[in-house]
Structures are given as structure tokens and as C-alpha cells.
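What follows is a single chain, given as C-alpha cells, in the form predicted alone.
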């Protein structure tokens, strides 16, 4: 019984780490611009599909992953330059609709380029499971957890200790004061989309050996990452990480002890509960705005 619980727990933590990375992408862009980027799931898809493509043409796995990150970052920056910046004076709702349109476009382009078939990516270090307390853990799960932890620590250092990271934080807290202090808002927006695209690409090729890669894979991953960001408190990076783990573990426990048919509904039940009872999220700051 305990081994079964551990199995579900490890599975939930693995998927939750991916949701956390996707949620972090939402949080970084929201902090820089107050835009909710609904193309974040497509960044995950592009990372997975690009890595699969480069491996299929004979490139080594590390090179394929690096190229997948570079291409996804380039597409994220292109989204800013071609779609977000030309409409920078539009309302936030309009900008969010633009990201939804970008999501549909990227998904359609991926279907044209790679087809609608499912593609597999070889795991980084084999498929032989590791037994922990009677539960089997795939090596790829350890890669996911280790990579997520390193990325979270690196981002923490970046935002707390580097000048550019502090500029993004300043823009998040008070955009007007940041601009008056000489911080380039356009550069901050570009950097936030670049970081967000990088996180999506990493999440994509890490999860591909477990969930396969296909043009529509980003839809649910993006929605659940958004749920993680909202659950943790939209704009709170560590909240997004904890929110992702909560969603992942809740899904795994529901699938294991109730039915896998309800697995995908868990995230949406959680987000409805948060919106009803604590709209600021579990780790968000309650506040009021004078109008």
C-alpha cells in the first residue's frame, strides 16, 4: 500500500515539475507586462517537436536540445517583435487575444511541418527503472526533477543578484518608476518572452520521452501550467512552482485512487476553487486598488 502511494507521489511530482516550469513561464511574462501568454503551451510543444526532429536527422541529443532551445527562444522573440510590440498601446485583453492567435498559428504551423502523428524521443539515460521504497522511478523522471530544481535556483539567483534580473523585478513592482529610472521596457519584455520560451522548450524535451511529442501536446500542458501559476498566485515565481507540484500530485492521486478519467478535470476544479475562495492564489498577496 505504501509502495503504491509512493508510486503515485513520484509520478505526480514528475508531472508537477513540468507544470511548474510552464507556470514559471506564465509568471515571468505576467510580471514584465501583465500579459497572460496563452502561447506558452506551444513553446513546450516547439521544444519537444524540434528536439525530435533534430534527433531524427542524426544529431546528438545534447546538440538537438540546444538547437530546440535556440529555435524556441527565437520564435518567442519573433512573437514579441511581430505581434506584441506593434500592438503595445492596445488593451491587455487585446494582447492576450493576440497570444491566443499566436498559439493557434504555431500549432497549425507545427502540423504542416511535422504532421499530426505522435513522435517519441529517447530518454536521456535509459529506461531501466530505479526502485525506491518499492516504487519504480524512471531515470527520465530524475532528469526532470533535477533540471527543474537547477532552473528554479538559477532563476532565483538571476532575479535576486543580477542587474538585469533586478530590472525585471522593478518593472513588475512599478512599471512607471522603472521607466523613469531608465529601465528599457521593450528590452524587459523581450527578455521575459525569451526566458519564458526557454523554460517551455526545456519542459518540452524533458517530458517528450514520457508523454510523446505531437503538435497538440502544448494545449493541456499550457492550461495546467496556467492553473499552477494562478494557484500559486499569478506573479509569484515560487508560488508557480508549488502550484505546479500541487496540481501534479493531485492529478496522480486522483488517477490512482479514483479514476484516470477524472485526471484532466482536477486542474480545472482546483482553479475554480481558487477563483471562488482565494482569487489572489494560495501564495499571492491580497490587495485593493483605488480607482
Partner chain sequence: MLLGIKELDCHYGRIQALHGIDMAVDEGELVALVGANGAGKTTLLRTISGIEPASGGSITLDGHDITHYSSDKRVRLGIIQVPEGRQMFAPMTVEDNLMIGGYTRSGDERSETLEQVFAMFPVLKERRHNAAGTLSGGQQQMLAISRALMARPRLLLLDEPSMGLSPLLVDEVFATIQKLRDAGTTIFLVEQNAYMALAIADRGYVMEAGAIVLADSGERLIVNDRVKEAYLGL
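Positions refer to the first chain, counted from 1. Not measured: the values here are computed from a predicted model.
Here the subject shifts to the form predicted in complex with its partner chain, a form of this protein not shown in this document.
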Q: Taking 4.5 Å between heavy atoms as the contact cutoff, choose which of 183, 83, 106, 145 touches its partner chain in the predicted bound form.
A: 183
Q: Find the only residue in 74, 187, 118, 157 having a heavy atom within 4.5 Å of its partner chain in the predicted bound form.
A: 187
(Q) At 4.5 Å between heavy atoms, only one of the stretches 163-171, 106-114, 75-83, 132-140 reaches its partner chain in the predicted bound form; which one is it? (A) 163-171
Q. Quick one: does residue 179 come within 4.5 Å of its partner chain in the predicted bound form, counting heavy atoms only?
A. yes
